[in-house]
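What follows is a single chain, given as structure tokens, in the form predicted on its own.
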């Protein structure tokens, strides 16, 4: 669905995106992960045809992004981090207007409003919406023409836990409906939960690309921590692969003296820091 080869872009004389290459397969959720200023949104704008003065190749569908025509956006839905709604119009009026810009089959506006819990606010002016309400409305605006490709920029930003869960469930449902989704975020929990594959980007360069599970398992070993009582509570840990050779653990199990035992593995955030040397701020 997306093919990028040796992509380079600059806002000044110094390259901002440098030698970037990756592909996004049809039907997958692909995550672009990195801190603010890493180049995630710039890559997204290039793929949307908004920044045509790049070097290398960026192909969406079968179209080179800098050479796209008027039909380019008919199968693309975009949810920017910040609302792009007309604030003096109601939620319903916004969705009706934006859906009128596309020739493709439109989805039910009432059903989309209900899906994000805005059915009772459909006729309110967007200016009176909270940030979270605007975020949910902006998301369904990207779905109203039922596009094949979705660009989602920090889709859960500013949402409370309940609405964040609702949004993530809807994203997974869009994948089940056959959508290809490019997700840009610095939220590693979202990326772990949603993405089939992720790319780590810092300073406009790609540092890693794989599934969240493979990145976690290849770069960090799961740890087992256990406790027992001996002159007060004691604890120790070992790698999961070394449990059979841990004499202390074996003796505690044989003597039925274990107080607790649990395993843990690195998070995607831990792996990001290990690989890039950067934090997500």
Partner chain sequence: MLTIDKRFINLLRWDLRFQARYGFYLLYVLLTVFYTLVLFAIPGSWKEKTAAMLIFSDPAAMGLFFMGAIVLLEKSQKVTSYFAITPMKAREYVWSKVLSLSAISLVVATILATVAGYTAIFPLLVGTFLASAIFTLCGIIVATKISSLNQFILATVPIEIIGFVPAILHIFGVTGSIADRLYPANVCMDMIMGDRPFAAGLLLTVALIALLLQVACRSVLKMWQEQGGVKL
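Numbering follows the first chain given and starts at 1. If you're wondering where the values come from, they're calculated on a predicted model, not measured in any experiment.
Keep in mind that the form predicted in complex with its partner chain is not shown, yet the notes after this line are about it.
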Checklist line | Listed residue (162, 100, 120, 108) with a non-hydrogen atom within 4.5 angstroms of its partner chain in the predicted bound form | finding: 100
Note to self: Counting any non-hydrogen atom inside 4.5 Å, which residue from 167, 133, 85, 112 sits next to its partner chain in the predicted bound form?
What the structure shows: 85
Checklist line | 223, 228 and 256 all contacting its partner chain in the predicted bound form, non-hydrogen atom within 4.5 Å | finding: no
Note to self: Residue-level contact is defined here as any heavy atom of the residue lying within 4.5 Å of its partner chain in the predicted bound form; does residue 202 satisfy this criterion?
What the structure shows: no
Item checked: is_contact(residue 73, its partner chain) in the predicted bound form, heavy atom dist at most 4.5 Å -> yes
Margin query: With a cut-off of 4.5 Å between heavy atoms, is residue 197 one of the residues that contacts its partner chain in the predicted bound form?
Written below: no
Next item on the list: Could you confirm whether residue 39 comes within 4.5 Å of its partner chain in the predicted bound form, counting heavy atoms only?
Entry: no
Next item on the list: Have a look at 112-120, 138-146, 180-188, 206-214 and name the one stretch with heavy atoms inside 4.5 Å of its partner chain in the predicted bound form.
Entry: 138-146
Note to self: For a quick check, can you give me the residues of 33-52 that have a heavy atom within 4.5 Å of its partner chain in the predicted bound form?
What the structure shows: 45, 48, 49, 50, 52
